[in-house]
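Shown next as structure tokens: one chain only, the form predicted alone.
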Amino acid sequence: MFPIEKYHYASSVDDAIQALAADEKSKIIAGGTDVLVRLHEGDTEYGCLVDINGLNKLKEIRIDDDGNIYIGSLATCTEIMEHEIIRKHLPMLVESLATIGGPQVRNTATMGGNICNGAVSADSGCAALVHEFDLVIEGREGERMESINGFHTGPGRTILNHSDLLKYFLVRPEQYEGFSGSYIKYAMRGAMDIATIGCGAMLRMDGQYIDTLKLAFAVAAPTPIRCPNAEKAAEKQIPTDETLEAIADAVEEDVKPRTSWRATKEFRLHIIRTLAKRVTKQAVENQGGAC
């Protein structure tokens, strides 16, 4: 038996917010791939649940006439990966979501949960950062928009207030048009494992030169991070082995890997350097260039 003390099935976004506000111990359950594991382990902090699975409006994926893409917080990883809009415009997001768990997990897990649980290892975190997602959040004071930059404040922590509910992600056209990308996850197992290091890049070429590089990592710091020093090292450079090495050197200024039972700090740094070069090279090739 799961240690569930209280359960509320929300009938609307406002109902969910009110239920969260009424009980400081309450937690949102969506896909449940994280919450149910914690309950199975006997974690009583997840004993008061507000179930938002009935809020079908939050499952919507669409694009407007201006090219803004909206991804509902309740859309599952599989639904996002298989959606024509996402596959056409955000293929790197598809790559990153494909590394989450196995098919059963992806069929249930939501990207909203993957981002909002604050996990340093969130596979969708790199894609969110390089595409510079905006998050539309409803709270007791009404609706607001927050950037993914600064959304994560530490391991397992975000800027969300207790009664906040993420409604959808917004991806603006200037954050994907003209870009190519790549995502690589290094884990101890080839599948069904969390990342030892995750790395994603978005890149835009200007002729033979790199115009813009956006580089992000998971598990390379206390939160998913962008790498401004590495990005600057790539600007206006021809993509050569020397440029890739300069990016790898610069990325050491951006990351703060640590030693854990999964990997030592030194090994993580080696993987960070390697992946920075690999995703950049792949992004260049996806744009029709060569390294």
Partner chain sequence: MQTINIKLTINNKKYEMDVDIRKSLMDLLREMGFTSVKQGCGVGECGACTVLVDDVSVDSCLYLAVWANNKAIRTAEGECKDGRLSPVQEAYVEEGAVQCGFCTPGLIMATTSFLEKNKGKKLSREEVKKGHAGNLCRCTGYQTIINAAITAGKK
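Everything numeric in this text was worked out from a predicted model, so none of it was measured. Residue numbers count along the first chain shown, from 1.
The discussion below concerns the form predicted in complex with the partner chain, not included here.
Considering only heavy atoms, tell me if D51 and the partner chain come within 4.5 Å of each other in the predicted complex.
Contact check for D51: yes, within 4.5 Å of the partner chain in the predicted complex.
Could you tell me if I238 has a non-hydrogen atom within 4.5 Å of the partner chain in the predicted complex?
No, I238 sits far enough from the partner chain in the predicted complex that none of its heavy atoms falls within 4.5 Å.
Since only the chain is shown here, I'm wondering whether T33 would be in contact with the partner chain in the predicted complex (any heavy atom pair within 4.5 Å).
Flag for T33 set to yes.
Taking 4.5 angstroms as the cut-off for heavy atoms, does P103 touch the partner chain in the predicted complex?
The answer is yes: P103 has a heavy atom within 4.5 Å of the partner chain.
Of the residues D206, E177, E143, E82, which one places a heavy atom within 4.5 Å of the partner chain in the predicted complex?
For this set of options, the contacting one is E82.
Looking at S121, S163, T158, T108 here, can you tell me which has any non-hydrogen atom within 4.5 angstroms of the partner chain in the predicted complex?
Exactly one residue meets the criterion: T108.
Report the stretch among 62 to 70, 229 to 237, 22 to 30, 253 to 261 that approaches the partner chain in the predicted complex to within 4.5 Å, counting heavy atoms only.
Result for this chain: 22 to 30.
Within 4.5 Å of the partner chain in the predicted complex, counting any non-hydrogen atom, which residues from 185 to 216 show up?
Result: R189, A191, M192.
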